[in-house]
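To begin, one chain is listed below as structure tokens, in the form predicted on its own.
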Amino acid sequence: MDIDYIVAHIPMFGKAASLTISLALAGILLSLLIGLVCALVRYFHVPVLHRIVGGYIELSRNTPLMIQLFFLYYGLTRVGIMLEGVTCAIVGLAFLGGGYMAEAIRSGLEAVGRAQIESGLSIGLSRPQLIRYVVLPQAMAVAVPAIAANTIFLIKETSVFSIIALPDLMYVAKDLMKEGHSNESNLMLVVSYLILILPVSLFFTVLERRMRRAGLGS
């Protein structure tokens, strides 16, 4: 193990980690938004949209991110649509994550008793008010563990971004492996993902505990 080699290439991995974090953050935030909308559509059984959302969820959850990225980056060029690698990465991650987040949030919504909804309507709350003040706070609290698992899963999935020539962590590691430093590259890659994922895991653990203490999600 060449420690000097590792130290010399830490800045390169730092730059790659910065790109990975920015892409993951954008993709995960979009996936949460998509998941929330889809979950509400399914929960309230919105006509027509309910079936469309169901089809989207099945498609997103049952196709690998790698295939989705190939379609976005290479497939769309056949019909004259050219997307940059960064755009493809964010869209692909959001598309994949949206299906998982939708099911996570829907499970939280299903945990909210119908009696609470009927009570809210009986005291004059509008549907938007009901969703904002009664349903969502409880649903999101219940969904925290699943959202946490999905978030970590999506961060791990960023490792396939290298197939569309983005200089992320995996891309840099592969380049260094070609120089004959596989052990050092693998070590830096593993450590880099641990540094990215452990704080996220700890954050959700603390968040879940605080919600339980506040009486939410129980």
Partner chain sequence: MLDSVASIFLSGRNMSRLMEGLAVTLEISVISVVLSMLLGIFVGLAMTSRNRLVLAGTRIYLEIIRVMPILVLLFLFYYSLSKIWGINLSAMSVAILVFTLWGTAEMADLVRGAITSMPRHQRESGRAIGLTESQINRYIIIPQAVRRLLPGVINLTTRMIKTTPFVFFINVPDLVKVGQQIVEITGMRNAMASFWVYGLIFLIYFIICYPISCFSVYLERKWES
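If you're wondering where the values come from, they're calculated on a predicted model, not measured in any experiment. Positions refer to the first chain, counted from 1.
What comes next is about the form predicted in complex with the partner chain, which does not appear here.
Trainee: Of the residues Ile52, Val46, Val190, Leu33, which one places a heavy atom within 4.5 Å of the partner chain in the predicted bound form?
Mentor: Looking at Ile52, Val46, Val190, Leu33 one by one, just Val190 meets the 4.5 Å heavy-atom criterion.
Trainee: Within 4.5 Å of the partner chain in the predicted bound form, heavy atoms considered, which of Leu76, Val86, Ala111, Leu125?
Mentor: Looking at the other structure, the residue within range turns out to be Leu76.
Trainee: Residue-level question: is Leu59 within 4.5 Å of the partner chain in the predicted bound form, judged on heavy atoms?
Mentor: Residue-level check for Leu59: yes, a contact with the partner chain.
Trainee: With a cut-off of 4.5 Å between heavy atoms, is Phe71 one of the residues that contacts the partner chain in the predicted bound form?
Mentor: Yes.
Trainee: Given that the partner chain is not shown alongside this chain, does Pro64 nevertheless sit within 4.5 Å of it in the predicted bound form, heavy atom to heavy atom?
Mentor: Within the cut-off, so yes.
Trainee: Do Ile10 and the partner chain share at least one heavy atom pair within 4.5 Å in the predicted bound form?
Mentor: Outside the cut-off, so no.
Trainee: Hey, which residues along 161-179 are within 4.5 angstroms of the partner chain in the predicted bound form, non-hydrogen atoms only?
Mentor: The stretch touches the partner through Ser162, Ile163, Met170, Lys174, Met177.
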